[in-house]
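Below you will find one chain, with nothing else, as structure tokens; this is the form predicted alone, and questions on how it binds or moves follow later.
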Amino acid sequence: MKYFIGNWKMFGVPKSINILKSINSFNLFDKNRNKYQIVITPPYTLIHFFAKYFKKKLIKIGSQNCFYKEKYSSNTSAISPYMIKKVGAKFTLVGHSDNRAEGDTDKMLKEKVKHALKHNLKVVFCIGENKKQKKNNSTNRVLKNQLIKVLEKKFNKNNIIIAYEPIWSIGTGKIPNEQDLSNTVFFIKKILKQIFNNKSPAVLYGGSVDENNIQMLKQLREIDGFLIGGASKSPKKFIDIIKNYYK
């Protein structure tokens, strides 16, 4: 099963559901629809509305983040995995570089993953190196630390997906070359097998994925899907990514 996960970031109002309706219409009649799962992560404000509408449809709705405490707390504006699950989300992103930059520590991320899994959310755990780390040839060290400091053997690996998103690639139109990306995903799966006893969760690629570079990315069979940013806000671009992947 491949994943096409759209991260809307700070985008969308109720009428933006028309974007998902277009994607769902395509999905209904796509002969390859049983080969992949579409997930959209809108802002918190839209999760309940979207999840209710798509409850019995093929598109799944997720959250872009969650808080690191259980159920309820006195933290203003915080939203727990429990609350997200209760409004219909099936997935949640954790560890996106935006949130790491805002102060998410490994300790906080571990708590987020733990509580999200407890409430049966599928966790899309984001990792990635910045431009300086890449230039210093520190990519593998950075990724290994991000994985081993948060994930534990006791976590349900069946509900964990890893999204490799090089920070230097997000929104730039630049992506790693084919060999570098292949080597990096292979390394990530190697570390995951060490954590989870020779079983690796799915590993996605994210970072400037579009309808054009998907032609190159689809050659890398070790990649289990994609975390898609800007292109997921356009039904045509998102659909073209899927179409071009299965050409």
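Start at 1 and count along the sequence shown; that's the residue number. In this text, all values refer to a predicted model and were calculated from it rather than measured experimentally.
Separately, the form predicted together with a small molecule exists; it is not shown, and the next lines address it.
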| Answer range among 170-178, 154-162, 82-90, 99-107 for contact with the small molecule, defined in the predicted bound form as heavy atoms within 4.5 Å | 170-178
| message | Under a 4.5 angstroms heavy atom criterion, identify the one residue in 185, 192, 61, 209 near the small molecule in the predicted bound form. | response | 209
| message | Within 4.5 Å, heavy atoms only: does residue 230 come near the small molecule in the predicted bound form? | response | yes
| field | residue 9 within 4.5 Å of the small molecule in the predicted bound form, heavy atoms | value | yes
